[in-house]
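First, one chain by itself: the form predicted on its own, in structure tokens.
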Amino acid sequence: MVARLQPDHSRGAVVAAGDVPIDPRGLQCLAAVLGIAPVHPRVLLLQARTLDEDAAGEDGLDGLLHEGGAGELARYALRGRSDTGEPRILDALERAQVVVLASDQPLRLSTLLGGTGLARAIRRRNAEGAIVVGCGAGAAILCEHMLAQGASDGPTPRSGGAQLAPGLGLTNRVVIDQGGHASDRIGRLLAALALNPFALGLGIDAATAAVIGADNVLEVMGSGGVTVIDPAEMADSNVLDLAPGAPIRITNLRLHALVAGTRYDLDFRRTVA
């Protein structure tokens, strides 16, 4: 559930970024995202890791954040739920102006964070104005309904092709898929929206970010594109009548292809100047 706003605060942006390559495109994307924060912001980077992965990490994301304009950077690896109660992590969160969540799969983050004090504190800090960024698979957990995994191959949605799980709930407007090929993302998102036509589906390219402001207007940054699927006027779906793996019939959807600089109102479901 989204944390309640205090009267004297404006909610911080929620940023869903695709995979961030360690190259100039990734740097450009993160620099644009950090550009909406105060100059040289204090950044907390939380990465979900398995027990056998190096805590120092070798993915270069911290280096890109430094190059992109971060000031003080605190970086922690989460390996178990007990790590989420570490005082040093909670203290760093209270000071952070930007919180970055990263993982190789959404369920790894959600099983570590779900129901913890750290998750509640992240929601509260966002309500107090801190920017929360999900990179790669970390983008999916930003939503109330997290697209945990999907088996859809190609643009045709299939029964069982999307599995939803509870996310952090920083936004309830969208379901996010940031992985794999664009056509596969469309298939998974259509399968998810057939089950939950309230939300908008967002498919996010690598080196690209969808920045959702406090006014629920999304702006695209980076070198790729964001696909928006709007099921508000969905006329028909046979998803409840199908055997696992069968193709889903779903009609009367709207699809938008957005690129850097495009702004889209999630409440009124239309592009804005």
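What you see is a predicted model; the values in this text were computed from it and never measured. The numbering used is simple: start at 1 and walk along the sequence shown.
What follows is about the form predicted together with another copy of the chain, which we do not show.
Using a 4.5 Å cutoff between non-hydrogen atoms, Asn196 does not count as a contact of another copy of the chain in the model of the complex. By the criterion of a heavy atom within 4.5 Å, Thr116 is excluded from the residues contacting another copy of the chain in the model of the complex.
Heavy atoms of Pro157 reach within 4.5 Å of another copy of the chain in the model of the complex, making it an interface residue. A residue is said to contact a partner when one of its heavy atoms sits within 4.5 Å of a partner heavy atom; Pro247 meets this definition for another copy of the chain in the model of the complex.
Using a 4.5 angstroms heavy atom cutoff to another copy of the chain in the model of the complex, none of Gln47, Ala70 and Asp83 count as contacting.
From the list 163-171, 106-114, 129-137, 178-186, the contact stretch for another copy of the chain in the model of the complex under a 4.5 Å heavy atom rule is 178-186. For the stretch 209-234, the set of residues having any non-hydrogen atom within 4.5 angstroms of another copy of the chain in the model of the complex comprises Ser223, Gly224, Gly225, Thr227, Glu233, in sequence order.
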